[in-house]
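Provided below as structure tokens are two forms of one protein chain, presented individually as structure 1 and structure 2.
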Structure 1
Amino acid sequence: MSAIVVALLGFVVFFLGYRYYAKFIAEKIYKLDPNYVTPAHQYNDGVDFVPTNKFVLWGHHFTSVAGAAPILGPAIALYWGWLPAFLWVILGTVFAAGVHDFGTLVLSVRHKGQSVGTIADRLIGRSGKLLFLFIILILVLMVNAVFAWVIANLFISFPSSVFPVLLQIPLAIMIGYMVYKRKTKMLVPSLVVLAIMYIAAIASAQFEFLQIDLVKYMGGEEGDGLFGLGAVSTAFFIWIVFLMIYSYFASTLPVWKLLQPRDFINSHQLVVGLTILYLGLFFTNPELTAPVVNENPDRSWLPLLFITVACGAISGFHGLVSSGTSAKQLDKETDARFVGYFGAVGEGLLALISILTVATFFANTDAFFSTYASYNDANASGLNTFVEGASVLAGGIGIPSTVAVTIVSIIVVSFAATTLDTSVRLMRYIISELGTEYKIPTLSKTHVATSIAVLSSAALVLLPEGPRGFGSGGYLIWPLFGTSNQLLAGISLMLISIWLKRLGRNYAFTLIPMIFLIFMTMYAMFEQVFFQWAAWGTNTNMLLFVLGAIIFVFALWIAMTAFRMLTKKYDDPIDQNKAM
């Protein structure tokens, strides 16, 4: 089957979803009011609360939520065949992610621009807030540990990408200085840096001396490394230490010095990446060689599919962005549909191209099964397959394959590094907040909180032996990522449902995806915690068992709270113009 047909089908469903379903939700359920004074106007302070053009806000929202996760999840979920992954991405985006992202935006706008965490604090008490902090803490710890491994892995697998990525750091600092101190515009300098990076990519793809290949320096894969480790393990060790030191600086320096300029160089890469891949797809018209459905999987798609494709369909992190920054900048309440729902559609498009890239990469179905032989194999090779598949599509518009591999790996590294920077910074904030909450002021200090964040992530990466060898310790708790992320989305949907109920509106449209998500999360957790990781399970793992059991109890508690709050009789519907 032609991949173009599948892509077009996806576009049509996304279009119909936005045109009709989102319109229905906006008018009948959320009842957006063009005359409502949004927090951006009410509290306009020129900094956080600023009324912003809806197209600009959409661009910002989309670049904030799009990262490496919507690429990674679908690339792995292809293990069950392209159809299940495609259907969940399409339907999940239209019926769950769109409603969720859009809903958290509206909920926050109607609550003075507060974040979902604060709203949870008000709706379900202080324990709700601590639950949020705990889940986010686990999430960011996992993200730090795993993304450090992902970047190190890409550096080792595609050594030509190292030089351009390293080059970006001093150039970004230079741009930050120019924009902040000299007040120059940022578009042209950041495009120049991007061009320099790509020229460096072309050069390092051609000339071997520009490739920083640590494994080769130590005598190849069989060579000896440091501290009695092999060459590959030593390379992992060096890159991970480098990344952790980098994260420390990136998260403590003022953001305009490194993070912001790096982000705005990287935000072009999203446009470049999506354009190259979709153009490549339409020029080469490849056939889908991955099976429609994998008939003999070693792990059932139910419920794992919904946990594996995390950010591609619905993600709790989107709710944090929606209610954290976007809600404070919404000019008119009616813009929420475009920003929130269409933002989710943008993410869906990224997940869709990830599916099509991997599904068209293999010469035939047998070749697919030799790489995707088991669920664990799919997990291990999903990202690298995406990079190579993307280089084939890029070849369709005339980019030579070696250069394309380098450019695509730079794009993926950049996405992963942006996520890593943000997530270390986020972890620092959470540790500080916990310090304030539990009256341990030392924890609130920048360098103390950052040291804890970086050292705990580094310890998780390096100390235990992970499933993918040395340096992959983060993968030990990675199975919890999908579930905790979906759980976060479930809590947000629950908050929206409770709010809608109290307004006396029909809340079925948020309740159904909420039940679906919480059910799938609990199903997956129950199966993994009690049948796999437990002492009597098939794959005993005490660390996962304990953490998984804690998250499972939280999920159960949320489900019970939701049931209690949603079955409670509210005699007096609240005034929708009055914040709760």
Structure 2
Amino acid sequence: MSAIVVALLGFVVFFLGYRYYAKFIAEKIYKLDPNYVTPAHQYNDGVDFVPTNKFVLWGHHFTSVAGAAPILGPAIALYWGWLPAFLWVILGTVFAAGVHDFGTLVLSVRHKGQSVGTIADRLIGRSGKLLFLFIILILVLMVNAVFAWVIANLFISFPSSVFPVLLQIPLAIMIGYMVYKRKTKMLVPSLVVLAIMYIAAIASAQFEFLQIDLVKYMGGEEGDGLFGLGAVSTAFFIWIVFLMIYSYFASTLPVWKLLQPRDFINSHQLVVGLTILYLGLFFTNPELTAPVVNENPDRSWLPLLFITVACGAISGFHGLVSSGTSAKQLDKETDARFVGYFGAVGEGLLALISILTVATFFANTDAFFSTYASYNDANASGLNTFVEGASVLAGGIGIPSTVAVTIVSIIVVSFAATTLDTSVRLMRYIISELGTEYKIPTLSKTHVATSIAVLSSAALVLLPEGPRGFGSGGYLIWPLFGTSNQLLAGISLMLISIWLKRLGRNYAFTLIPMIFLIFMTMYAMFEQVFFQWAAWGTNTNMLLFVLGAIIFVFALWIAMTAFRMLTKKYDDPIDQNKAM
């Protein structure tokens, strides 16, 4: 079957979803008010609360939520066949992700820009709020570890991507100064920076002296490295330390100095990357060589498919970004549909091209199964297969493979880095909230909270030793990350449903995806925690069991509390403009 047919079908569904379904949700369910004064204006402090053009904010929001997960998850889920992965990405984006991302943004805007964890206090009570905050804290800790691990591995595997990515940082800071101090428009400078980055990418792909290859500097893969760790492990350690230092400063700087301009540049990268890949798809017109459905998987698709695709269909982390940073920058409430729902559509387009890239990469079905022989094999090879497959599609429009690999790896790293420092910033917010809640003022200090976030994230990614050697933390916790992420999305939809009910509105459009998500994720987590990880054969299983059991029990408690709130009768609906 032609991949173009599948791509066109996906485009049509996404267009109809944004044009009609999102419009219906905006006008009839969330009832956006163009005259509502958003938190960005109410609490404008020039650091976290900053009124922002909707296109710039969409760039920040989308690149923060995109990361590598909507590429990696669908690429792994292809193990069960391209059709199940395609259907969940399409339907999940339109009916779950869009409603969730849009809804958490509006919910936060109507509650002074507070995070969903804090809002839970007003909707399900103090105990529910604290449990929710701890679930979020564990999740963002895992996000930090997973994405730091992904970036470090991509830097090692594709050293030609390092120089252009590092070059973006000072250029983004320069744009931030030009825009917010000299009132320059952001579009032209950001396009110039993007051009400079891609010129650097072409040069780096062609000239070896521009490639920052730490493994090579230490004598190759067989080298001793530092302290006898080996060259690869030493390079990994250095990159993790560098990323943590970068995240510390990136997450404490005012958003206009680095976060907004860099994310706006990365939104252009998204457009460029998607354009290259989809044009390559249309020019080469490849056939789908992956199976429609894998008839003999070693792991059942139910419920694993839904937590493996993860951010490719819906993600609880998106709700943290919506309520943690995007809500503090929303200029007009009516911008929420574009930022929230269309951000989810952008992620859906990325997940769709991930599926099609990997599904057309192999010469035939046998070649596919030689790489995707098992679920674990799919986990190990999904991301690199996407990068290699993307270079093939880019070659269809005349881009040399070495340059294409560099550009694709730059795009993936840029998205992952955006997610990383946004997640560290969110973790700082949560630690500060817990410090306030438990009357520990030291934790509320920016640099103390950020230090805890960075050091704990570094420990999680570096300390565990697994099948990939030293620093396997990000790889090892991926299964728990996927489950926890989807569970958080279900709980966030639950909060939106309770809020809508208290407003006296129809909450069926958030309730239905909520029930589906909570059932599937609790089902998957129960199987993983109490059947797969309960046998403490390794330190890894012990870590996953402890974290998973805590999240499972907390989530079950929250679900029971929220169920009582959903079934409770409210005599007097609250006034939206006095939003709790």
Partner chain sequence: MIDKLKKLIAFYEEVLSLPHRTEIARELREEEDVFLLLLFSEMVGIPNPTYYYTLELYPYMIEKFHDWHLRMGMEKSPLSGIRCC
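Each form is matched to the other, and the largest set of C-alpha atoms that superpose within 1.5 Å is called the rigid core. Remember, predicted model here, so these are calculated numbers, not experimental data. Counting starts at 1 and follows the sequence of structure 1.
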Checklist entry - Looking at both, which one would you say is the form predicted on its own? => result 2
Item to check | Large Cα move at Val321 between structure 1 and structure 2, threshold 2 Å, rigid core | outcome: yes
Checklist entry - Would you say Gly117 moves between structure 1 and structure 2, meaning its CA shifts by 2 Å or more once the core is fitted? => result yes
Next on the checklist: On a rigid core superposition, would Arg337 pass a 2 Å threshold for CA movement between structure 1 and structure 2?
Outcome noted: yes
Checklist entry - Superposing on the core, what C-alpha displacement does Ala26 show between structure 1 and structure 2, in angstrom? => result 7.2
